[in-house]
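Starting off, we have a lone chain in the form predicted alone, written out as structure tokens.
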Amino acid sequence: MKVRYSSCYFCTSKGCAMKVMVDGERIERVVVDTKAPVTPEGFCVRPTLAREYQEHPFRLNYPLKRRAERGANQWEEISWDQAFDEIAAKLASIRQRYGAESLATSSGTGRGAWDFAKSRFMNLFGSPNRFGAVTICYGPRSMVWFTTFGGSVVPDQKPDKTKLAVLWGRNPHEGGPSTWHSFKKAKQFGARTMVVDPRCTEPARQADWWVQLKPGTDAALALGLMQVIIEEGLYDREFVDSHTFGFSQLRERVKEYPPERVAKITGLSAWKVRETARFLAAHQPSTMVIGVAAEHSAPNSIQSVRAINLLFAIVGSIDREGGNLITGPCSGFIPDAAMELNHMLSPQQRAKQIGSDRFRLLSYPGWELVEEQMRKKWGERHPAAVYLNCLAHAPSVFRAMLTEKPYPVKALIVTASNPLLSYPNTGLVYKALLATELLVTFDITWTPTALISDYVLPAACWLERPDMGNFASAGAYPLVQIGEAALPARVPGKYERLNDYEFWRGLGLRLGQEEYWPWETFEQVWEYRLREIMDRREVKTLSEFIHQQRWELDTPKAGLCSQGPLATPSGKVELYSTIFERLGYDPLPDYLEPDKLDDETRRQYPLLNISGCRTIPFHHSEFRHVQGFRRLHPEPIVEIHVDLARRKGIADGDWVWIETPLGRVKQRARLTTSFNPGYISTQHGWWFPEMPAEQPSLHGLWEANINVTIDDDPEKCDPISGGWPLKGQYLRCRIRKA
């Protein structure tokens, strides 16, 4: 039996360190590599199911080509050479007829540190239209950090320094084992804890201070807390005076948010607002972890993330030991931005990025301003990778597929993504995908999206490829932690899978990109990017690097603000954002009332739906096919307050219809008292591999998939980032017993 040191991608894109015991071509056991910096410790069940997942018959084994109408589930097995040749020829034809921008790609939440290869391919092909879940997951936080602090912000939890650990819109008990481990450690060494969440999650139950705000009102709460902190002189005056820009303007803005007004918006009492501000200010330094809830809360996604970050800046937890540190790439490592060949995409093509004229922060207008500042500090080795910070607007791309406005989008390549489950307005997405001339899915397993594709291609999973954590690879943290392939991706007579780098390279070679893909294997890519670090260690191969010590860490230190200008236009922490101002947005955070709802809609659909919450053991739409996972959570659950259920005649365990103007789906009721009776909490990503694959079922795509009911109208998206609403006022619904 051999031990392989791999990076797990069964959930987030951190790439937790694992030790995989293998016997020949089979997994015997997977355990956490506790010596490495990034691990879930003992808080994650997913790695224990790795063998069942890797050997499951739902895995894709060979390239397949559709041989009947889309959705008929009739396929012809072909070779990789044939697949690449045919797809490349179709892409060349589409580019000649419609322009390079007629190709789009869809990404998910991180299957590994290979997205630079997709960006590289798309830049060389000439298309700016990469879109993905990053628009509503991490991308907003990342761009707010870059525009405000000139780098990423990470917790620096220390037993002798940290006084408070804050989770804001984050439930790591279900969705982030490594963060949950840190939260538990904070409690053990005596730090106070605070949770901001509409639901009484497990972290909220264990917290010293729980703030139960109304969904989507995070921006108003953060502004109100700042008003109290500034009014009562509780802010860190020395830090604010020395290291921030625009405090006087912020002071004037937050005067508009006294506790009484904030209480009406958030559903809290004015007393709770004041006491929360005092509790936060009294326990500094503090660490903060912001979850996706704020990013899901259009039209206040960016407003919320920005206001929360400014709150922690003025209260004294930024650039302070035991608080939150401003970081950049690991020295000696080549991050993703330097691998993407972004200079190869012309300004003319960048200007064609769909949605960039309207949603300017997370697209080329915003990214170019951020990159200008990043290059001053790090040169080409900066952390602003386009795949994380510069995206086309997904709802607008789908509409372009249907309407050919502003121009035709005729081809879509889907990787690490399942658009029929992962984007709202499923009916529109379904029609859009069917309207394409070419739909290619490159994935690990069958999905509903794969079933309506023209080509379905088998991808290697994390056990079959060398890889690194996404955030480290992007240069967002000065750590590199890499893992090796535990199993071969190709076994003659059984399967023939490619890792994502090999896929994009193989396609690129057939489209005239030969000179830009000098590395034949993913291992060679990592050796190139790690070469300076490997030379320092006097090791020659990736295997030596991994088995000597699989990580390199430049321990972040406090005091960056005093060491010279930050990578912002003012060189300081920008409370008043000059980049936002240049983009034509309010340079200060504010709270926006949702104004695209009429009174009749509010009356017909009185409930607020909290969707998009993580559920152990799943990760979004993944793992529904693996029995080991399904036994732990066999059915989709909608949580309903007992008072609401009583009024509707719903008992615990009943099937319930969830309805909006777009459609309805069915989930099983779980009664609770953990949130306001005016809300429900639904699970996302549900499909049923046991149901028929053929149209119209598509493995039960329409049965319980909450995105069937969610509107992605660009008018209701965040006006700055383009993020679509998954929580808040725009997610209005009604329920009844099925």
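Computed from a predicted model, the values in this text were never measured in an experiment. Residue numbers run from 1 along the displayed sequence.
One more form of this protein should be noted, the form predicted in complex with a small molecule, which is absent from this view; the next part is about it.
- For the marked spot (A133, G612 and I706), a heavy atom within 4.5 Å of the small molecule in the model of the complex is present in each of the three residues.
- Screening 458-466, 642-650, 377-385, 91-99 for residues having heavy atoms within 4.5 Å of the small molecule in the model of the complex returns a single hit, 458-466.
- A residue is said to contact a partner when one of its heavy atoms sits within 4.5 Å of a partner heavy atom; I616 meets this definition for the small molecule in the model of the complex.
- Shown alone here, C717 lies farther than 4.5 Å from the small molecule in the model of the complex, counting heavy atoms only.
- Contact annotation: I444 falls within 4.5 Å of the small molecule in the model of the complex, judged by heavy atom distances.
- In the model of the complex, the small molecule sits beyond 4.5 Å of every heavy atom of P329.
- Note on contacts: among F146, F471, W114, F545, the single residue with a heavy atom within 4.5 Å of the small molecule in the model of the complex is W114.
- The partner is absent here; in the model of the complex, the one residue of A281, V292, A432, V638 having a heavy atom within 4.5 Å of the small molecule is V292.
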